[in-house]
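Just the one chain here, laid out as structure tokens, in the form predicted on its own.
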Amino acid sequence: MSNGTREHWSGGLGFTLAAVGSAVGLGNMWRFSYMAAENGGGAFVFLYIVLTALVGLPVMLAELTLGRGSQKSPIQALVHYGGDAWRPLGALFVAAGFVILAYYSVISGWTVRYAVEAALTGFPQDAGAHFGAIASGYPAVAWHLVFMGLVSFVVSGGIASGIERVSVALMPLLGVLVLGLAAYVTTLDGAGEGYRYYLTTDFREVLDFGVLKDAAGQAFFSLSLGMGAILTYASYLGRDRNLPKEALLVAASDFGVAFIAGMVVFPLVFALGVQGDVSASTLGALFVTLPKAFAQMGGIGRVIGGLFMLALVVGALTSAISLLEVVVSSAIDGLGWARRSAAWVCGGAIALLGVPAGMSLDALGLMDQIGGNLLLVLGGLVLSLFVGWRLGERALEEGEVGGGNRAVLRLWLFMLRFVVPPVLLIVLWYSLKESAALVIKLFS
């Protein structure tokens, strides 16, 4: 807080649910499904699991270590451990959170609108035309602003009274919704084809660098890595928590929701015969194909679809809260602002940055590429080098506080030094090429 007294979670459960909420969001329910559809189904799922273990977990533990050890927001944490020379890395985290939340809020605004429409009027018969009408322009900007207002309100309430209270209430609800939907789709005729498509693995796809890049990018996006969100949440954490166990719990919960979401999406679209629409666009799987399927189901589709959209809203909200907290915490620590002022000013600035994404899907796609792939991966790469080589033994000592196993931590340090950097360099190379192509397309 601005008076120098740092806020803390009221208990370990609050931190765990908030951290899971940060990781579990549209990256699981939205991105994971269409990425799997575009990258060979089971091949993508297999690579996602491998890369989460080899890259995601080590980077998450690095963020947890820096956050709890410094008890500071990203910029101040890097200065605390590395001096002013490392300040730009902390600034990169803040910039990533700023950019990603700006366009993420636009997509989240769509989910809020779909959930409201499901409750009031049901799903439109022409889902494609409806999405085209509401995805960009003033309606999209309006719902984006509503969503950012809600996020700013929660963050302005503080850690225990705002973020933790919302996370403790909403994360169990999300789990119940996703499991209930997964159970329901098992009763649909034709669902078996969806399971086979989702789980069958073509190992030739596993060797495709493009699939590798997408799986690694998804792991980072989904786990909220490379943007300082986990680092920031850990800065409010007591020293009695076992950090390796916390990292494993968050990563396992994140994968569980993503995997089960796929067990909802694919059986549903195959059972209703709309699988040909899934890969029509990256957004099509969620905002065209599924609403089309729900509309075909009649009254029960309105109920099931409404619950699915409610799950999306919950996931979007908890993730967006963590992104705004990165920026707000940095303003509190670095500028001495009061939390309430920081939440509304930073939230307002991010809302303004998101207006171009609300007005143009091309702008949204470019921001997604820059923020969701480039900045996240670059942040994770430099962070792994910083913790692996600059901190070294100091990182191991911090990891041991709370009961971390020394042998596990030694393996973690090895991964940060020799496994994570080459994988992320490959992903970064592909992301740079795609970003350049998008820039050319947008401005040509």
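Just so you know, these numbers come straight off a predicted model, no measurement behind them. Quick note: we count residues from 1 along the sequence shown, nothing fancier.
Keep in mind that the form predicted together with a small molecule is not shown, yet the notes after this line are about it.
Only one segment in the set 223-231, 357-365, 70-78, 296-304 has residues whose heavy atoms sit within 4.5 Å of the small molecule in the model of the complex; it is 223-231. Against the small molecule in the model of the complex, the set Ser33, Pro267 and Phe270 makes no contact: no member has a heavy atom within 4.5 Å. Note on the partner interface in the model of the complex: the residue among Ser167, Ser319, Ser235, Thr111 having a heavy atom within 4.5 angstroms of the small molecule is Ser319. Checked against the small molecule in the model of the complex, the candidates Ala43, Met415, Leu51, Leu26 yield a single residue with a heavy atom inside 4.5 Å, and that residue is Leu26. Looking at Ser431, you'd find every heavy atom of it more than 4.5 angstroms from the small molecule in the model of the complex. In the model of the complex, none of the heavy atoms of Leu286 sits within 4.5 Å of a heavy atom of the small molecule. Put simply, Val178 is far from the small molecule in the model of the complex: not one heavy atom of it is within 4.5 Å. The small molecule in the model of the complex is approached by Leu323, whose closest heavy atom lies within 4.5 angstroms of it.
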